[in-house]
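We've got the same protein chain twice here, in two forms, each standing alone as structure tokens: structure 1 and structure 2.
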Structure 1
């Protein structure tokens, strides 16, 4: 029998709810015969939803409490031990067969939980990376996008190593090109953090450092990994997404105003190109096992797409 990969799926916390996540689970199980899902949430509801799925590749974990917007994210994993998030994280931490996890709830709670249950021995803070389509094709791993602000230069170098390992495991990229987010291309451009980090990256012989990149150029494909302080990485992601959405809205308005329906095909095309949703909201790196933080707006296809990412990672894993 083909080797099986166990992935943990937290079904609570997303906008569309557990039933939608369960339906996504069913689709993922159909698509990937090597997938075994450990599905966490309201067990009774999930068993009912997945009655027709391949039960031999499902493990149910009962974690009925949901972490909501009213919970303090940093404290939620302490105050809600019966939450699906805590149950999912502890399962991932304790079961050696589990290779990764999908969650679509509170990012803050997830990061706090990842630090609590999945920290590496050196206790480095987890990083939240975004995988963004590059203009030239392929993808760019932007890290950090919000887990840590006020980073030190050493942390940014750590992000470079995490991103390099990820791009190898995910896409088979050898010796990923590392870019440093700055406000100008020339060496010496940037704020204090960037200048100090530049020197460290340049000196690190294990990294293929390509220099400073400005936000929009970096996402063109001039690098495979773009490192930045979490505050700045967060701006890039939100700004790129926000601008894309805004232009798409402008085209929809124009389509309605002019009655030109062919514009809606353009909208569909662009939404596919810029579909941040299907790639996952972000992936937690620098922890013992990868955790994908899907957008709160995750749908069935999100589960399929994120399961596929985790399967790829597990199959190609870098030993670091």
Structure 2
């Protein structure tokens, strides 16, 4: 019998709701025969939606309360013990067979909960990494993308190590190249944080540091891990996604205006390349087990993509 991997899926908190997440769960179970899902949320609703799925590979955990983006993140984790998020995190923490978790709700609450239930023994600061397509092929790990907006140089160095380990375990990259986001590629460019971090990264012989990268080269593929504080990293992700959407819309308009239907092939290519839902989501690094934070607008394919990420990590025996 093929080895099965248990992944926890929090179905509440996303923009499109539990039904959408449940449908994504059905698709993931169909695509990955080695997958066993621990599905958390309104159990009655979920059982009805997944009545036709393989029940032998589903475990239901009743967590009917929802933590929303309007809740205070830290307070909600403490005051809503029956929320799907808390139930999902405690299940992940307590069940040794669970290899990871997917959530598409409040980022703040997820990070607060991950710190509470999945903290590492040394209690170092976790980071939120995003995997983005590189111009040269493959992917770039951008870290941090919003977990810590005000960072210290030591934290950025820690993020570099987390990103290096992730790219090794996810894509088999040996000695990943580390870049530092700055406003100039030359040594000495950047604000105080960047300059101090540059010196630390350069001095760390265990890191393959390749220097500064400007925003216009963030997705060039000139590095495998791009280190940034959470504020700047978050802006890179959102600007990339927003620019891609704008370009796609402009090409569609031009195709309609000129009657040149061949341009739609370009649209299809760009939509596939920059479909962040199908790529998966941001991953919380620095906790005992992998936790993926999907986009709030997650759809059915997001569940499939994030499940694939966690399966790949589990098969490599990764603990991030």
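Please read all numbers here as calculations on a predicted model, not as lab measurements. We call the rigid core whatever largest set of C-alpha positions still superposes within 1.5 Å between the two forms. Positions refer to the first chain, counted from 1.
- Form assignment for the chain places structure 2 as the one matching the criterion, namely the form predicted alone.
- Comparing the forms between structure 1 and structure 2, the C-alpha position of residue 246 differs by 2 angstroms or more, with the core used for superposition.
- Once the rigid core is matched between structure 1 and structure 2, the CA atom of residue 268 is found 3.4 Å away.
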